[in-house]
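So this first bit is one chain, no partners, the form predicted on its own, shown in structure tokens.
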């Protein structure tokens, strides 16, 4: 048990204090590249010998970013730009910004002006991603990013290095899939916030080191029999389930996380990058293989069926939609999967989240009411 607590403590500390890991990179003279939400080709950064660092904003007040964003921009991009303008990310050698939505498109252009000391590296994904032409286009985008990183790092990135990076990342994805599966059997030990921090810590660590720690955590969990959970289990869907206090509220009212469909969490690792002779093509094809995200073009809206199946297979008692305020992509999807879940008689809670909201008491009330509602359901 002591080993288990130590592992959880290490991962939680990294998730809550990423600056410590970044300082370690500085000591090792390892360059770092920021990766803005939601999907960046981290493998290319890793193959360049640099550390990819996930930038997902944070709970803070807005004092500078409102010079560039209107009040109705999502707090994820607002807080990320705010932290950039305060100099929090000055030690990064660059930042890759995918243009997944209108707010991210503006974010990239604003970054060039507001944070000129950190090089802006744009990335445009193809919309109609199932076409072979889309794969070829994205491959050319990744080749451009590779060239920029070679310029920053001062050395070429070989195909062998890319292939090895893909293998390391696929192993990391496999490990996190195993963790999220086993975690649902240990809901007393792996609370919603701890589960989140185990995953989130991977954004600030070398993937090899993070994989080793999570594998050790899995081994320690397996030493004990599955825990009997007296509360209810839910699935989280959306971009992210932050601020962190929200996950503590789930624990307060006897709710555990059975599985998730969050862009910050399982959407990052539920699909592997195809491996082959051309690593850049594999990375480009990965974009066409992914499913079930509001940022992916999907005229059939298969996310609704994925959520239904996920709830049934994990035996969840309900689904919680974590909708980032002013996130149009998630808001467009919500009515579609809401109807499917209602037809399947799967309870659904809508939470509007905001990283800059000073009070979360309305969210607390909704979570408490939902927990009481599904507790009465037989």
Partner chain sequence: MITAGVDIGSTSSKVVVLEEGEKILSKVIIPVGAGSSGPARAFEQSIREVNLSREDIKRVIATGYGRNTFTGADQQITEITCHARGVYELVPGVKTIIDIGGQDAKAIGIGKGGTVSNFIMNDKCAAGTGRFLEVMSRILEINIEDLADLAASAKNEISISNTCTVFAESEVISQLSTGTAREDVAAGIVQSVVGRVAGLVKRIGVQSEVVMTGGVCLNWMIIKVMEKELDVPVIASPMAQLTGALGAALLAFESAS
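The structure displayed is predicted, hence computed values, not measured ones. Residue numbers count along the first chain shown, from 1.
Heads up, the form predicted together with the partner chain isn't pictured, but that's what we're talking about next.
Which of 30 to 38, 58 to 66, 307 to 315, 345 to 353 sits within 4.5 Å of the partner chain in the predicted bound form, heavy atom basis: Of the stretches listed, the one contacting the partner is 345 to 353.
In the predicted bound form, does each of 264, 270 and 301 have a heavy atom within 4.5 Å of the partner chain? Verified in the predicted bound form; spot residues all out of contact, no.
Report the residue, out of 20, 16, 9, 362, that has at least one non-hydrogen atom within 4.5 angstroms of the partner chain in the predicted bound form. It is 362 that has a heavy atom within 4.5 Å of the partner.
Using the partner position in the predicted bound form, report whether residue 339 sits within 4.5 Å of the partner chain, counting heavy atoms only. Flag for residue 339 set to no.
Would residue 366 sit within 4.5 Å of the partner chain in the predicted bound form, counting heavy atoms only? Output for residue 366 is yes: heavy atoms within 4.5 Å of the partner chain.
Whether residue 297 contacts the partner chain in the predicted bound form should be assessed with a 4.5 Å heavy atom distance threshold; does it? No, no contact at 4.5 Å.
Is residue 143 close enough to the partner chain in the predicted bound form to count, meaning some heavy atom within 4.5 Å? So residue 143 does not count as contacting the partner chain.
Within 236 to 254, which residues come within 4.5 Å of the partner chain in the predicted bound form, counting heavy atoms only? Going through 236 to 254 in order - heavy atoms within 4.5 Å of the partner chain in the predicted bound form - there is one hit, 253.
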